[in-house]
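Only one chain is shown below, in structure tokens, and it's the form predicted alone.
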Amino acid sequence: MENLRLLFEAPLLPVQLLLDGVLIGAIFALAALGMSLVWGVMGIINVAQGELVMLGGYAAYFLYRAGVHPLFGVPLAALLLYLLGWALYRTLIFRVVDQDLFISILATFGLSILLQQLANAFFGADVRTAESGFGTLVLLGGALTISRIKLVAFAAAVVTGTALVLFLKTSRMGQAIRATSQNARAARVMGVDTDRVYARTFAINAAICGASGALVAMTWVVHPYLGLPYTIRSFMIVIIAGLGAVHAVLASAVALGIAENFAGFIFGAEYQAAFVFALLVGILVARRFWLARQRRYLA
């Protein structure tokens, strides 16, 4: 309880935790945007979402080792993961589209284990990081500090969300994606190639995860077992925000970042992951009771 007491004794400490939570929540939002897109359009819960983030981090790291600044590695990682996402759809994911939801969970869970173990075999279990060199912004004479890479990540999340909304509203492919998400059968009747739409959707999801992973590699570290917490966070954010609401996803991700940051300070960093899992269980239980209440009300 010593840390809890510090929150009241140091007035700027909660402000520091709040700022950090808002900024790291933006990184969570990127992965959640991709999951929301795939879930809403294809009806698939992608359990390998975190592994795509992990691969994006490795892409940025090896580009950094090759002499490419990590900031320029963000779009390059997104491009590489876009190609990988398209390939994964053509080899595996297309087989579980329009199948039972449980089948897609099992298939993508197997994919997550495969990607995790391949990363461990090829890259090793060492913790890696891509140094951005942006430094830290010092405010109020050192009372508040903000990592500049977190500001970049927050801006990237806002720009990505805005670009995704504009893409879905204005482009032909975006309109096809929206039509397919509303009614895939009707879209096929109207001449939409839904298989192409699904491939593009999964590839866009992978690209968003690639950008998120590159930011993770600059902000923290990357290793083969990075994926599961990001999958859990993405799932939790989508459950709270719902499908198809970009602003709600960003708000939910920021709220999660704040809650996780405060929990990590109060209970200790070793319990931060446990807090995330406990929060997921609590949200699922509360969601179940809320849905049951809605069904009784409608009946």
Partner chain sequence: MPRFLAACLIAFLLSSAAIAAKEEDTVVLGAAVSLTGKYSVNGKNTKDGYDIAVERINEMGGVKVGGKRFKLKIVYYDDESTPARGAQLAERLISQDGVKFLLGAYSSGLTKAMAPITEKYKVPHVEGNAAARELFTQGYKYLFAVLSTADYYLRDPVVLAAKMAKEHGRDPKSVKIAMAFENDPFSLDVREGVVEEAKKYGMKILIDDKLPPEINDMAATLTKVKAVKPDLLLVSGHEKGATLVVRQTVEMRVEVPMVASTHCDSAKIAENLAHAAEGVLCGSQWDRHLAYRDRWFGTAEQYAERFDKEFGYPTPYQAAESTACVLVFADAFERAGSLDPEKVRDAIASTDMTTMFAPIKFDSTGKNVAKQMVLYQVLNGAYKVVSPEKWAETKLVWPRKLPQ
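Residue numbers count along the first chain shown, from 1. Just so it is clear, the model here is predicted, and its values are computed rather than measured. Superpose the two forms; the largest set of C-alphas matching within 1.5 Å is the rigid core.
The next section is about a form of this same protein that is not shown, the form predicted in complex with its partner chain.
With the partner removed from view, the residue among Val159, Ala125, Val189, Leu166 that has a non-hydrogen atom within 4.5 Å of its partner chain in the predicted complex turns out to be Ala125. Comment: its partner chain is not present in this chain, but in the predicted complex one of Phe109, Trp220, Phe94, Phe72 has a heavy atom within 4.5 Å of it, namely Trp220. Remark: Thr231 does not count among the residues lining its partner chain in the predicted complex, judged by a heavy atom distance of 4.5 Å or less. At a distance threshold of 4.5 angstroms between non-hydrogen atoms, Gly268 is in contact with its partner chain in the predicted complex. Contact check for Thr129: a heavy atom falls within 4.5 Å of its partner chain in the predicted complex.
Residue contact with its partner chain in the predicted complex: Asn120 places a heavy atom within 4.5 Å of it. For its partner chain in the predicted complex, the listed stretch (135 to 143, 204 to 212, 97 to 105, 84 to 92) containing residues with heavy atoms inside 4.5 Å is 135 to 143. Core-aligned CA deviation for Ala274 between this form and the one not shown: 2 Å or greater.
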